[in-house]
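For reference, the chain that follows is the form predicted on its own, supplied as structure tokens.
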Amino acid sequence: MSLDNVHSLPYLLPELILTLAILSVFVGDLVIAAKERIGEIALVGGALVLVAVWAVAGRADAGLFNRMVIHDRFASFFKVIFILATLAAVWMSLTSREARRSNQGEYYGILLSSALGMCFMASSANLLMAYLSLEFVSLTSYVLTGILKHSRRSGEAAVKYLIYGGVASGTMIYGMSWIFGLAGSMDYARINAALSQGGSNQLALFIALVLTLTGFGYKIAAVPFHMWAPDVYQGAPIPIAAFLSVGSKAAGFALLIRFFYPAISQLAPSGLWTALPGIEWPQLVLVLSMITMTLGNFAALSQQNLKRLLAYSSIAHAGYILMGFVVLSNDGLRAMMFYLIAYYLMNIGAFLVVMIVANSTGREDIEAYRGLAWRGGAMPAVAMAIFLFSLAGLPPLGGFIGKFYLFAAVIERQFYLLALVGVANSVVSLYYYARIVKAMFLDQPAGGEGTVVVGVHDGSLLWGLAGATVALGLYWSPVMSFVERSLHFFAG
């Protein structure tokens, strides 16, 4: 079912509410004297969008605006993740010392705008729409990274992000132009139909896919497009780094999956996908997956700054998630989507602890965590241990279940070398995660670290995320059922 502009509007209720929330934030910045209230407007707007996503999710699948975007359960799943990541970032920003130093209207308005772009990334069904939405998210991300106008570190990170992003974007759209030339259309369904007939020059098509993969790989911070991540995470305000590490990465995976699966692959009744004959992109991504997780983990070993360490950890996790991408099966896709939920809980939680410690001490290095549990920070220390052990994949936490599904999908398809590399990398990651836990519980404070104070506002989110991380490791079937229902693409 393909709908025209007018009949598409009811399906666009979440995006319309989000747009209204963005306008409310900017107008509120002009008329409200108490600027701290602007964050609350953003929070309420985000919550309404989440309700709207659930309300619209039950509608029948459809192609909207003459198939420029799609409404299906796959898109709704990722919109939930984007809005939850936005709500978490707004909640953290309300008590973040860094965020309070920025213009509140610009900060929250651009943050919500970035979430709006991500929603369109997940539902893009056309190369032009995919490119425009990715660019919109990138531009807002550059501004958010450099929003601390008096911070040299923030400005430098924004410039580096802009340069890397510009190169990746130019390369990607060049690849998309090749695909348009080969298929004669920018619509995903028509591209699939044209390429499935064969006859296209295989070398030209392979080059086009590699160039297009550059843009997607840049968004998920996969090697060799990862170089922006450490500087951007370190330079951006902590809530923004948390938002980019989860929301931006999930948006990149949504775009990647929709293009490389329903757009250029074929689904068999067995639940297995078949790539275009003669185009070996799964093997290429398999190598990228192994290199990404290995480089991310080994680079994290020597990091002293927690934000940079979590940036390299984020790169490594992109490699883990790509394991599910290369096996060409619905089991692999389900494992990826489940892992993104677990990753949301544990990574947002880890950044929240970094923000709590930075708010109290002004420091982000591991030395600031010496004896954290014994100088007023028992709650964040315990929560941080839960998040880090979950990121390492230890039971009985959500990260363990996520990795279990990823490794099961890989082994089922007999990618034994990939599974072996993944296990070895998980062991390596345990070393640098445990180094932080050791500093928090076993090292004695030197005396100058300062006392850490956790307020009710941050504490409520902290225990919510920690409890959810543990609960996901003990009883995950409702979440997996939600993921299974969400793995549905509208082919048109």
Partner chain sequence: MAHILTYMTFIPLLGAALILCLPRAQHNLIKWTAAAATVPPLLMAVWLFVNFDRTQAGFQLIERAPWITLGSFKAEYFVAVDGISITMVLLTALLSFICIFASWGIDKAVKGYFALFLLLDTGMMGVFVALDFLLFFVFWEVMLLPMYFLIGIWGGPRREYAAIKFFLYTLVGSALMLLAILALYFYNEPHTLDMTQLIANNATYSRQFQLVVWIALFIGFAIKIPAFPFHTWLPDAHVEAPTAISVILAGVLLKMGTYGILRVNFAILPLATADLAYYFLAALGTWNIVYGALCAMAQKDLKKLVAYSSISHMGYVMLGMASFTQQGISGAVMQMFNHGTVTAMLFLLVGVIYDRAHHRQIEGFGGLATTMPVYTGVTALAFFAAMGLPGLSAFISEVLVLLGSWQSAKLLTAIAATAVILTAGYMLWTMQRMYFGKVNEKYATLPEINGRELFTLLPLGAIVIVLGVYPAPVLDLMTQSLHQLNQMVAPYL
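None of the values given here were measured: they were computed from a predicted structure. Positions refer to the first chain, counted from 1.
Absent from the display: the form predicted in complex with the partner chain. The rest refers to it.
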Going by a heavy atom distance of 4.5 Å, is residue 412 a contact of the partner chain in the predicted bound form?
-> yes
With the partner left out of view, is residue 474 within 4.5 angstroms of the partner chain in the predicted bound form by any non-hydrogen atom?
-> yes
Applying a 4.5 Å heavy atom distance criterion, does residue 216 contact the partner chain in the predicted bound form?
-> no
So in the predicted bound form, does any heavy atom of residue 298 sit within 4.5 Å of the partner chain?
-> no
Tell me, out of 405, 253, 260, 77, which residue has a non-hydrogen atom within 4.5 angstroms of the partner chain in the predicted bound form.
-> 405
Sort through 44, 423, 32, 453 and report the residue having a heavy atom within 4.5 Å of the partner chain in the predicted bound form.
-> 423
The partner chain in the predicted bound form: contacting segment from 50-58, 22-30, 441-449, 459-467, heavy atom within 4.5 Å = 441-449
Out of 356-379, which residues reach within 4.5 Å of the partner chain in the predicted bound form, heavy atoms considered?
-> 374
